Each structure stands twice: as C-alpha cells, then as structure tokens.
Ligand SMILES: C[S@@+](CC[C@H](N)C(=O)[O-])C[C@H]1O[C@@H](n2cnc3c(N)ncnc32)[C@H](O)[C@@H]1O
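Read the single chain below, which is given as structure tokens and is the form predicted on its own.
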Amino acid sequence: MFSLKNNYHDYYAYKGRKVSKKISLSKKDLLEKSYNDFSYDSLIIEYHKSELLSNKIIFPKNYKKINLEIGFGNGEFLIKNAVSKPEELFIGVEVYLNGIAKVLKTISDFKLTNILLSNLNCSYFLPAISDKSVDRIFIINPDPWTKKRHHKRRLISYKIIKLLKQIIKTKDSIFITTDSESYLKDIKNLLSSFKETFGDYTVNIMAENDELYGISRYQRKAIEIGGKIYLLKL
C-alpha cells in the first residue's frame, strides 16, 4: 500500500488529515501486508495511466448485489453489512488510514471475503468503475466542512454526482445522509440546478426505525444533541 501512495501521490491526495490518530506499528504492518489483497487500487491506477481509458474495473459477478460506501469512517456500517450479507459485495472507499486498518483487522478476524477497500481519492476511483455496475451507493454523514472557506472541500459536487449516476444501475439507489442543514441545502441547490442531468430526488428526516438512522458515530453524536438526520435519495 505505502509503495503505491509514495509512487502515485496525486491519486491519494486529499485536502485534510489522512490520519485521525497515530497508527500503531501492528496496524502499519497490517496495511503493508494485507491491503493489496483487498484492493483494486493498482488496477485503477493502471486504468488512468492507459492512453485508451477503455478497461474499466469490472467487479466479480458471483454476488447478488454490489454495494459501494464512500467515506466509511471506522467501517461500522461496512462491516455490519458484509457480515450479515455474505452473498453481496461491499466496497469501501476511505481516506483515513485508521479506518482502512480497522476494517482489515476485522476481515482477518472474521475471515471475510466480500469486502474490497480503496484509499484512493474519489476523483480517481469513480471514473475507473464500469458504467451501471453498482446496485447501491451509500454516503453516510460526509464531513460537512462547516467553515465557509472549506465548503469547496465537501465531497458532494457536480463532478462526483455525475460519476455516481454513471456507475449506479437504477434510480433511487444513491443514499446520502447528513445532519448539516447547510450541506443539505447546498446539495439540494446543486441537484435542482441540474435537474435535467441528475433527475428527481427525495429528502426525508429519518426516524429511529429507519435502516440508516444512527449507524455511524457522527450520526449518533448529532442525535445526542437533538440534531436531525436527513436522508437524500437520488
């Protein structure tokens, strides 16, 4: 993993911290030894290096569904799904090495075979994925970058939504949650401005019995202080 990051720095570039806390030597060793066994990063980099850009990534076809989670944090939702639905494939993209290492540890502990990981910047990961190849996409409470000068760092943009729509199989299969009313407003304005390109969307305030309610640490922190969790479906 670290050789890829060193040799192809631009592919892993990200505006913000890449390590939320110091990584132990055991986790570094795990990343070095196991990451490439559960990642298509090298194939994606080769795709971008190709002049033809024709050999997009095709995921294994022996799974009932292909699921993609972007920004999986500590991997709580990703792991829960992978354990409970062994017949489905779960792909997780995360910039924080701590989250990648934690999921790799769980993969080893539970002998999971239905998880793929990527530490790549989404701007490189998503264009390399075959069109209409993913059944569901989850973006669970992405960093809201609350300061106005940081809004440009937000994950959701015209470019990213266009790529998501390109790889998803069916409508209403992209799920975005947030507790930030500012972020939600910006996403809605973006989608409304390009309605002919992106189509219709729905927004709901989630209830306790909703599948995606309270599934991440950041959601629970917001709920504890009385915040609402919004679900945007595209």
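Note that residue numbering follows the sequence shown and begins at 1. None of the values given here were measured: they were computed from a predicted structure.
Form predicted together with this ligand: not shown, discussed below.
Here is the short version: of Val93, Leu163, Ile137, Ile115, the single residue with a heavy atom within 4.5 Å of this ligand in the model of the complex is Val93.
Only one segment in the set 140 to 148, 81 to 89, 127 to 135, 101 to 109 has any non-hydrogen atom within 4.5 angstroms of this ligand in the model of the complex, and it is 140 to 148. In the model of the complex, this ligand sits beyond 4.5 Å of every heavy atom of Ser157. Taking the partner from the other structure, this ligand in the model of the complex has a heavy atom within 4.5 Å of a heavy atom of Tyr218. Mapping the unseen interface onto this chain, Asp186 falls outside it, with no heavy atom inside 4.5 Å of this ligand in the model of the complex. Residues of 107 to 125 that come within 4.5 Å of this ligand in the model of the complex, judged by any heavy atom, are Leu120, Asn121, Cys122 in sequence order.
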